[in-house]
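What follows is a single chain, given as structure tokens, in the form predicted on its own.
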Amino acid sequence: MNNITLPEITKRLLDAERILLLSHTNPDGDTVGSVTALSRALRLCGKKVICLCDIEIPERNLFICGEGAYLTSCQVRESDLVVSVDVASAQMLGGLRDTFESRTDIRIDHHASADDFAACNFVDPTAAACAEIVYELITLLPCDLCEEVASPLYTALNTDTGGFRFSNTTARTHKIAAALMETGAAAADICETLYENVTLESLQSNALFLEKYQLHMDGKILFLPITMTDKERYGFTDENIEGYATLSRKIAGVELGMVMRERDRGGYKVSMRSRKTVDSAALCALFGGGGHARAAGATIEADSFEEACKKLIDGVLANIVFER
């Protein structure tokens, strides 16, 4: 339930001197782009801003924010205002949760499956990306919308809409993208970086997909389990396999694609992508996660990889609903 407006958020940002911006764990283009753009706009307004994530920003997203733009330490405590951006639930703060769940002053988000953990919450589930909300917020600040702010916002919009292909894309999305391009966002360069720079390691890892995928419910569900041994065998990291869930959804007949990978720091990360017949966010919510109806994620805690796989498959098969 929204208990703060964008003009009210603007006033609180301008009244503060030191601001912490929190992104979600396993940071994607939307949270990195939105936090980066907002931090740059606030600095143009003379504010001291620190961006925080519980892990290092993945290499694939460093072009959005630049090296060293984020801190990962939970020891950063001194601030006038703590704002989370694109964080659907307290769990999505990851390693920052213990420090900031009870200290988050404002949460800006667009997930329908949101958890109102902050003191003040502004959620717009009609926004295709959190970047749409951040764009509206930045237009209320006393600074010009320049290229260094527009480019990360454009990247955030692009990634959360799958290159403006997903069903969450609206006329509003395109209007904001056009405004960002008019301001100087390097759309062609951004798209080339996002979609035309596939590494050899990523291509080689496709062999794993073909070797290990599983089909359930007469081919409507595709599941790909990836262990630490698999990663070592094929010589790739989590970044190489981010696209597997999306790839599985492209296969004819597959309504839900699921990838579960064993993480270096413990736990098992699940990524789901679905067609219009399946609500991925509702399924991920069964495991404490969330996201969008067509793209969501969760982390499963279990004593073994086999147990985690069983928990995921059994939970999904018992609760999945195909809508037409």
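Heads up: residue numbers just count along the shown sequence, starting at 1. All figures in this text were calculated on a predicted structure; none of them were measured in a lab.
One more form of this protein exists, namely the form predicted in complex with adenosine monophosphate; it is left out here, but the text below deals with it.
Put simply, of 121, 89, 79, 99 only one has a heavy atom within 4.5 Å of adenosine monophosphate in the model of the complex, and it is 89.
Partner contact region in the model of the complex: 285 to 293, out of 285 to 293, 35 to 43, 64 to 72, 51 to 59, criterion any non-hydrogen atom within 4.5 Å of adenosine monophosphate.
Not displayed here, adenosine monophosphate is approached by residue 298 to within 4.5 Å at the level of heavy atoms in the model of the complex. Contact annotation: residue 271 falls within 4.5 Å of adenosine monophosphate in the model of the complex, judged by heavy atom distances. In the model of the complex, no heavy atom of residue 231 sits within 4.5 Å of adenosine monophosphate. Remark: residue 249 does not count among the residues lining adenosine monophosphate in the model of the complex, judged by a heavy atom distance of 4.5 Å or less.
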